[in-house]
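Take a look at this single chain, the form predicted alone, given in structure tokens.
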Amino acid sequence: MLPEKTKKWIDERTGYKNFLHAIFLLNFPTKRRSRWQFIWGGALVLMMLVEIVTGTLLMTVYSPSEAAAWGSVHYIETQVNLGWFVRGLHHYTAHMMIVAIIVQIFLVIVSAGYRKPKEFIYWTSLLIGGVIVGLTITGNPLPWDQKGYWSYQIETGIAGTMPGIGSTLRSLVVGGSEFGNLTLTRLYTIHVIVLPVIAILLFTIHMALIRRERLRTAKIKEAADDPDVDFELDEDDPLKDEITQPYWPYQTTRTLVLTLFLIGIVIIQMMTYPTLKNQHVNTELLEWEADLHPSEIKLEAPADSALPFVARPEWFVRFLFELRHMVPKDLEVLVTAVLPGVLLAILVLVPFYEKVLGEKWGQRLAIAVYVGGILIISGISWYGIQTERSAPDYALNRSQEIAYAARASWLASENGVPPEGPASLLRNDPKSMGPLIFARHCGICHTWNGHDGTGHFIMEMKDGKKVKATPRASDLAGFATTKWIAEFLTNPRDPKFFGHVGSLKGGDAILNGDMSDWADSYVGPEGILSKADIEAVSALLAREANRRDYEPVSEAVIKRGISVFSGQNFKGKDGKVVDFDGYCAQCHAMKAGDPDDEGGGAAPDFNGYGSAKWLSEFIRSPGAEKFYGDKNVMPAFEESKLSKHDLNLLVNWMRGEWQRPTTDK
């Protein structure tokens, strides 16, 4: 602390004390005694300071580009000391400021703070509210995650429907017609320079107007109380009861109490919301089991239009989003442009209500319009949220989004963010992309645990209604595992395997073909093959696949499987060697199962069955001679249909091959 003499020396040359008094309202007269209802404006100022401080700290690490934005925010959340706290405080305080400005305007209306000569104080409050909303809208997409990306799509889409200036306005805030790197730099500039400068100017003007009004009140009261001045207030003049007090410490103390209370709520929300917000989502689908606990998921997945994500706007513009869906397309402009304009006009014109209706009824109308509007807007938003959450696929869709978010965060923590950008974390990940590729290319005929790989059912139109479709080929979940093969060998006609193939052209030859006849002849209570024989030959085949979940069996079991496959030294149910004319090598080739390397040619070659190479070749050319030949009914997926990159992702996903935590087996 500086000595008093030094302070005086500096003050004589700079006048800094008056400056600080003006800045921190130390000599700011307050109306009447300090009141709790007049503290929201001061709390807004203090929360804005919190935003400036936390925002400046975030700027030291954040990088506004498509390739770096998500990664830099992830770094803040996971690597920077207390980075998660600073970012959370910045994010949630911004939303709390919107709540505070809504309350502040309400209290201004209730206390008639819009009456002459305070109209401009009221109007600058509205403008400040608009800037706060703008700061939140431009700040949310900066992490360039799915939530911010899609919500900004909605918000700029709403802005783009405004007649006359819509397309120009959208192009201005997007940085062109498409979202990209320029969008982020444009957003960043608006968020950290343009809007803060406007906000500071508005706050300055607002405070100057309030100060002017308070000084005027104090001077009038002082004149009325001075016996030497020939001036008296009317009996009904509200200034009659004014008792002016300095802002510090009376009003300042209350403002600090409210600010600390609101920041406390923000911190509690920051600590609990990430866990609570997803508690209602539980599909119990292993495919979408998140790699991280919900409390550890700080970001949605990196922005990527190739990944499924249900676009949702922020809560404060949710009502416009819902209203857009309630009106025909050609009337959309009424909701996106006319309605907001009407709402704004209603608020701006509040000071004039009393000119027409008188003070009493004018104020009542203003309160009714404001409260009624807030209730209607809240009701529409709440209805939209509840409708979305009650939709049949909501839990599934949200669990996918959570799984993608957790997966991206985990991969980034394990491997870092690749130079080509955070979107490649998931685009090169079999666990993330495999279900989507399967649903797009395979889900038309095949299923995966009964669904299309992503958890959705395959649907078709029947009698004008959308109904669950009947699959036309086998369910491939667990393909090439011992269990899957054993179930297939036991009953190839089961709906899980060839049961519905008959609906395909040429499928009847498969449904009632050699494999089904083989099972009828050799499997079951009357067949020569025991359950142990089926399990042994299944284990033998599964060994070819060498999946990560393959559980090695004893050498005796392998030998038994070889005898079933080759027919050599085959022992019947009584344990004696017997002739077995249903051995696999008659149709299938597999060196591991046929010691003499004979057989095969009439059915798929089982050398390397279920391996990545075997699956890739089969998907590329199922009609090849080594697979189904002229019996094939499956379309070939050449490179023009399925890229090599996607094929590798699909095959690895089908085999359960993707990066896992070391503790995850």
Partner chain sequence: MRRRKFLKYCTSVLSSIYAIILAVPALGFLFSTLKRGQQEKATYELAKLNDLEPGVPQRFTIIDRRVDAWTKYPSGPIGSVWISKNEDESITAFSSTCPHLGCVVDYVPGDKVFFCPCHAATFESNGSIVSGPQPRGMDELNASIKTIRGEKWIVVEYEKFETGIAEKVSIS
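Treat the numbers as computed from the prediction; the structure is a model and nothing was measured. Numbering follows the first chain given and starts at 1.
Keep in mind that the form predicted together with the partner chain is not shown, yet the notes after this line are about it.
Heavy atoms within 4.5 Å of the partner chain in the model of the complex are found in one stretch of 618-626, 604-612, 51-59, 634-642, which is 51-59. Among residues of the shown chain, residue 254 is one whose heavy atoms approach the partner chain to within 4.5 Å in the model of the complex. Using a 4.5 angstroms limit between non-hydrogen atoms, residue 415 touches the partner chain in the model of the complex. Residue 336 falls outside the set of residues with a heavy atom inside 4.5 Å of the partner chain in the model of the complex. The shortest heavy atom separation between residue 263 and the partner chain in the model of the complex is within 4.5 Å. The contact with the partner chain in the model of the complex, taken as any heavy atom within 4.5 Å, belongs to 75 out of 75, 497, 188, 370.
Checked against the partner chain in the model of the complex, the residues 128, 89, 439, 519 give one hit for a heavy atom within 4.5 Å, which is 89.
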